[in-house]
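Shown below, as structure tokens, is a lone chain in the form predicted alone; questions about how it binds or moves come after it.
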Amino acid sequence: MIIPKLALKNILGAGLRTWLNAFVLSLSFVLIIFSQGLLEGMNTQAEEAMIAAEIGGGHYQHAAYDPYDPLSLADAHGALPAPLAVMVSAGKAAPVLVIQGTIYPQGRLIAVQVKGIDPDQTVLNLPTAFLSAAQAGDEIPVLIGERMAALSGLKRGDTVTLQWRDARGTFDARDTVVVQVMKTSVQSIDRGQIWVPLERLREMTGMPGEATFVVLAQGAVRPADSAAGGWRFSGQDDFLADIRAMVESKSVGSSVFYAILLALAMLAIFDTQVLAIFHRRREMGTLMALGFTRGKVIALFTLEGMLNGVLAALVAAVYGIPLLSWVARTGWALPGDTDSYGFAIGERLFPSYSLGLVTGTTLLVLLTTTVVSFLPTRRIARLKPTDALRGRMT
């Protein structure tokens, strides 16, 4: 027990130098946890928003449907397989019919994807109830997002002409009315798209009972692939693979930032240890003369360096926990132009600090501090007690 007590006494006795080292090292704790928490928060927000508004429990897609090829939409529709039709009747799935169309707002031409969805569905977190309340009359009720509204210049209550081709390839056109402009962070259900009642779109296109894909409710048990009639299933992992890969690449890139922070903090610890060994030669000689082995002297100086890391963790907790908790509650405001990057994270980013993140960062910094503290002490192994008592280094 004498080595820990002596190490603690030496650390606290160093005064301002110890507290400066602890503060510099605590900045590494807080900044690493904060930046990594931002990335985890971005990933969590984007995934939750996409699952709630677009993905659900996964999609069953028509065999000819390619979401990245608008030209495939002409053939990407068909009658629902019996198991999916049963799930739709039970409210555990929502069919969506997609066709290519064109709108003419203010004399302009804008190509859009027209998506038909049941106004009474509860599978996706979309305000489709507005379509149900406005189906009367010749005009087709349309639901659009804020990005689509900004692109087209349309607002709630505006009328615009929609042109499309039906199942036989015949062009048709009709006036539509914007019944609601929804606000969503998920661009893939907003930009370049308009939503209409499913049965109305089936009637317009001559595709009764057909759909392009079916969204399953979260937690719903999907039917066997052999019973899906050739419709292919894409789960949540398939849809979220791109954003997870992006966040992972950002995490790898940020490791350079972490390395710089750790290098600066470790440089302060290393310099402190080198100076301590140089100025405390007589002390080391005295300890050896009193019976301390070289191993115990090395352990003493290494423990002093490690205690710098422990003290830094305590200092970081004093100001880091209130600061990071406040940011997690209020969020980090994002610039207005970040919407064009395709992140489904809204106007504010809320960091996410997991127990693994905090524990892993703490252990990493403490381990690095211990290693850096040990490296300068290797000279003590070659130190002779008589030379140390004279203030010499051999």
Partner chain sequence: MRHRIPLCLPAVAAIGLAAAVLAAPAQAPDGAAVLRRVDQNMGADNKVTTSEMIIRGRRGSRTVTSKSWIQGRAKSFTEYLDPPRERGTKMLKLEDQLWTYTPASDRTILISGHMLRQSVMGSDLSYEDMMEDQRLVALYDAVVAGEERVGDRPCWVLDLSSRGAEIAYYKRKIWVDQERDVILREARFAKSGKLLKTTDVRNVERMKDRWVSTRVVFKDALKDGEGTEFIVKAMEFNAAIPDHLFTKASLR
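Quick caveat, the model's predicted, so the values are computed rather than measured. Residue numbers count along the first chain shown, from 1.
The same protein has a further form, the form predicted in complex with its partner chain, not shown here; the description that follows concerns it.
- request: Counting only non-hydrogen atoms, choose the one of 79-87, 159-167, 208-216, 178-186 that falls within 4.5 Å of its partner chain in the predicted complex.
  value: Contact-bearing stretch, as computed: 159-167.
query: Taking the shortest heavy atom distance, is Q106 within 4.5 Å of its partner chain in the predicted complex?
result: Close contact exists here: in the predicted complex, Q106 approaches its partner chain to within 4.5 Å, heavy atoms only.
query: Should R174 be classed as touching its partner chain in the predicted complex when contacts are defined as heavy atoms within 4.5 Å?
result: Although its partner chain is absent here, R174 would touch it in the predicted complex, with heavy atoms inside 4.5 Å.
task: Please check if L71 has a heavy atom lying within 4.5 Å of any heavy atom of its partner chain in the predicted complex.
output: Close contact exists here: in the predicted complex, L71 approaches its partner chain to within 4.5 Å, heavy atoms only.
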